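The form predicted alone is given below as one chain in structure tokens.
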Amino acid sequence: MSEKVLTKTTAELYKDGWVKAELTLTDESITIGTEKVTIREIEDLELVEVDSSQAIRIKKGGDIVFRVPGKLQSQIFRFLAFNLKSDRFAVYFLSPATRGGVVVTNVKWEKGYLSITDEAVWFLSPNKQLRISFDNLGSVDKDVRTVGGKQRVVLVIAHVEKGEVLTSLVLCPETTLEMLEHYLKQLIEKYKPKSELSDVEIQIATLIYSGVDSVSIESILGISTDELDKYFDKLVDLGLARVVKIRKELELTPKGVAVVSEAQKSQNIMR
């Protein structure tokens, strides 16, 4: 049976610069210029910014980056997100349920899928295609919440977006819930930093997250500049922070924010 053509359009393919190409999307494959990819073999997908414009990154072995004009780009992205290679589970989800610890009031439960690719966890519905990279996953736990006037067991997934800690809720049959909890905890364990942080390092990361500068951190903790620099070096080496000023001021990466969030949660449990 021949492939059904869904869309043909002009596009631009990124190869050390933008190159004009024709894009053909069928029910089985996508072709951009000379690059043809079977959709079911796409390992992951992402919206990225290249040269100050939004583009789509397809992962299949290497990366293919392209852009198309107007609303067509979001339509192609949605089709690929729903049909790429993944483990997919039918769920109801609420995302985000909280942002920075504050309940988000303008979101509703959606019927869709939780999809797990080579690099990310996705929440998929006709209205939403939310991608959470494994590095941005913080924690996953079961909790009881009121859903439709009833007390229901849900999964609470903590993740990071643009330096903020968010939570999303997942509702599905209990056997699927148990399996998803185990699956996601394995992913979090696999992608978390390999080296444990000391209490002092957790304090430093928490102070950075709170917006405290390096001079104030030295004063608060009673440590020297050289000592703080060594701690900073470890946070950077672990991928938990990045240098933002010559005086080695840091800001936490999403992974670092997730570590601080998990540490604070553990401390609250022990109190």
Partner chain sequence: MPKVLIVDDTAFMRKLLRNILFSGGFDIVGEAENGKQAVELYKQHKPDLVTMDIVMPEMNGIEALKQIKSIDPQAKVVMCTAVGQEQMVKAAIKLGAKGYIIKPFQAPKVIEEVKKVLGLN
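By rigid core we mean the largest C-alpha set that fits within 1.5 Å across both forms. Here the structure is a predicted model, which means the values were calculated and not measured. Positions refer to the first chain, counted from 1.
Not pictured, yet referred to below: the form predicted in complex with the partner chain.
Although the partner is absent here, Thr38 is not a contact residue: none of its heavy atoms lies within 4.5 angstroms of the partner chain in the predicted complex. Within this chain, Thr206 lines the site of the partner chain in the predicted complex, having a heavy atom no more than 4.5 Å away. Not displayed here, the partner chain is kept clear of Ser53 by more than 4.5 Å at the level of heavy atoms in the predicted complex. Although the partner is absent here, Thr34 lies well away from the partner chain in the predicted complex, with no heavy atom inside 4.5 Å.
Here the chain stands alone, but in the predicted complex its contact with the partner chain, taken as any heavy atom within 4.5 Å, falls in 213-221 among 234-242, 63-71, 24-32, 213-221. After superposition on the rigid core, the Cα atom of Val48 is displaced by less than 2 Å between the shown form and the other one. In the core-superposed comparison between the shown form and the other one, the C-alpha atom of Thr206 has shifted by at least 2 angstroms.
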